[in-house]
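Take a look at this single chain in C-alpha cells; it is the form predicted alone.
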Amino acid sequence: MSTNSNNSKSSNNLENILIIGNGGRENALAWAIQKNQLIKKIYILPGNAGSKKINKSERINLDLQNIEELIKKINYLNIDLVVIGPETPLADGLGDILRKNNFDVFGPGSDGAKLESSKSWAKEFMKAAKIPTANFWKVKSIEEAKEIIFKHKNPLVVKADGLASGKGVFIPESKEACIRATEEIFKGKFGNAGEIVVLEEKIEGPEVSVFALCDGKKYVLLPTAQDHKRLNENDKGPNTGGMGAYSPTPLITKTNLETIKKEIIEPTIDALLRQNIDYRGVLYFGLMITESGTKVIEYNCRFGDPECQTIMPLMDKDFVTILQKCALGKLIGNETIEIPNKLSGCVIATSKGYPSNYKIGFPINIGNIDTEDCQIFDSGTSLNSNNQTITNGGRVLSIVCQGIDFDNVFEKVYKNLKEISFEGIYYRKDIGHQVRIKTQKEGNN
C-alpha cells in the first residue's frame, strides 16, 4: 500500500513547487502553475534549456538516485508540493520515499504506477474489475506467442510489458509481422521491459485521452484530448511518444463522458481502493471508441506528452491548488477547473530519425514567433558551451496555440513552425486533421 503521511511538511502553504522531469510536459506544468499568485518559486529537476524561460522557474541539477541529497534539497528549498512528471521515477517508488519523509507529492506510489509499468498487470486488473478492454494473452516465450498468433484469424497487437517510452506497441498487418515484433521484444529491443509480451486482440475506432486528477477516492476531470502516435502523415509509420495533439476532442460528448465515468473511471478508482492502493496523482485513460462501446487501450500513471502541453494552456490559476488537494487526499468533490472558451492544439518538432536513431547537438534558430495565445515548450533541448540552445532528444519542441476553432489553432501552429529551424527538423503536417474543416495551406506545403 502507498504510504501517505498525515503529518505532511507544509499542508497549508503553497509557495514553492518542485517539478521532477526534463521534458515538455514538465515545462508545460510549470507554465500552468506559475499563473497562481500564491506561487513564489517553481524548481524543475533537472529541466531543460527552456525551463528557466518560464516565469518563477529555476532549474536544479541533482542526481535523483541520491535520495539523501534530494531530501536535503527539498527541505532547504521549503518545498510545499512535489509534482513527479515522468513514469520511471513513479514506477521506481520515488513518490513512496518522499511521502515517507513527510513531503506532499502529486504522483502515485509504485503500486499505483503498475497500471503503466506492467501492461500485463494492468490488463489483469481491468479483467478482474470488469473494465471494458480488448482480449489479451500474457506470454513469456516466442513459442507460446506463435501458438496464440497462428490460432487467431487476424493479426494481434504486440506490446512490451514494461516501460518503453511509448514505443513498445506494435500494430502489425500480418501474422509474420506479429512474430517479428514479438521476437524483437524478446531479444531485448526494450531491455527488461520485454521479458513479458502482451498479445492483444486488435480493436477498431478512434483513440482519445481522458485525464482524472485523483486524491485516492475522488477525482477532477481535465479537458479531453486526442493524440497522434504515428510518426508520419495519415497516421502511418512507427509508434512514437506522440507527434501532436489537440484538446478538447469533439469525439467525446457529454453523454459519452458520463458513460466513461460510470464504466471506466469510477470502477478503476474503486478497484484500486479494493487493492489498498491510495492513488494520488493523474490517471490517464487511453481509450478507443469502438462500435461495441468505449474500451481502455492503456493506462498511464502521469500526464501524457504531448497532451499535457496541449491541455495546460487551458488551465486556470487554481489548477495547482487541485494538485495540492490530490496530494493531501483532500478533494471535496465539487472542484472545477474554469476552462476558457478556446481550443488548443500542439505539434511536435523532432530530430531526423526519431523514434529510432537520431543525432543531437544542432543549434535551434527561432525567428519571429506570434506569441499571442501561443507557447513553445522545450522538450529535448540543452545549452552548449556558448549558451546556445541545441537539440538534445528525439522530440525537441512542442509548439502549442489556442484559438476559437481548430482551423485557427493549427494555422497559428504551422505559421510559427516555419519560424523554427534546426538541422533535420521534422514534423507532421496533418496534426488535427480530424477536426480541421478547411485545408490548411500551412499544413500541406
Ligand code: AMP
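As the structure is a computational prediction, the values presented were derived from the model and not from experiment. Quick note: we count residues from 1 along the sequence shown, nothing fancier.
Not pictured, yet referred to below: the form predicted together with the named molecule.
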**Report entry** Contact test, all of N16, K73 and L94, partner the named molecule in the predicted complex, heavy atom 4.5 Å
**Finding:** no
Requested in this report: Look at the stretches 196 to 204, 263 to 271, 329 to 337, 366 to 374 and give the one with heavy atoms within 4.5 Å of the named molecule in the predicted complex.
Outcome: 196 to 204
Requested in this report: Report whether the minimum heavy atom distance between L314 and the named molecule in the predicted complex is within 4.5 Å.
Outcome: no
Query raised in the report: Would E298 count as a contact of the named molecule in the predicted complex, using a 4.5 angstroms cut-off between non-hydrogen atoms?
Result: yes
Requested in this report: Answer yes if any heavy atom of V157 is within 4.5 Å of a heavy atom of the named molecule in the predicted complex; otherwise answer no.
Outcome: yes
Query raised in the report: Quick one: is R99 in contact with the named molecule in the predicted complex, heavy atoms, 4.5 Å cut-off?
Result: no
Report task. Counting non-hydrogen atoms within 4.5 angstroms of the named molecule in the predicted complex, say which of I360, I322, I289, V169 makes the cut. Result -> V169
Requested in this report: Note which of I149, A134, V220, I277 lies within 4.5 Å of the named molecule in the predicted complex, where distance is taken over heavy atoms; exactly one does.
Outcome: A134
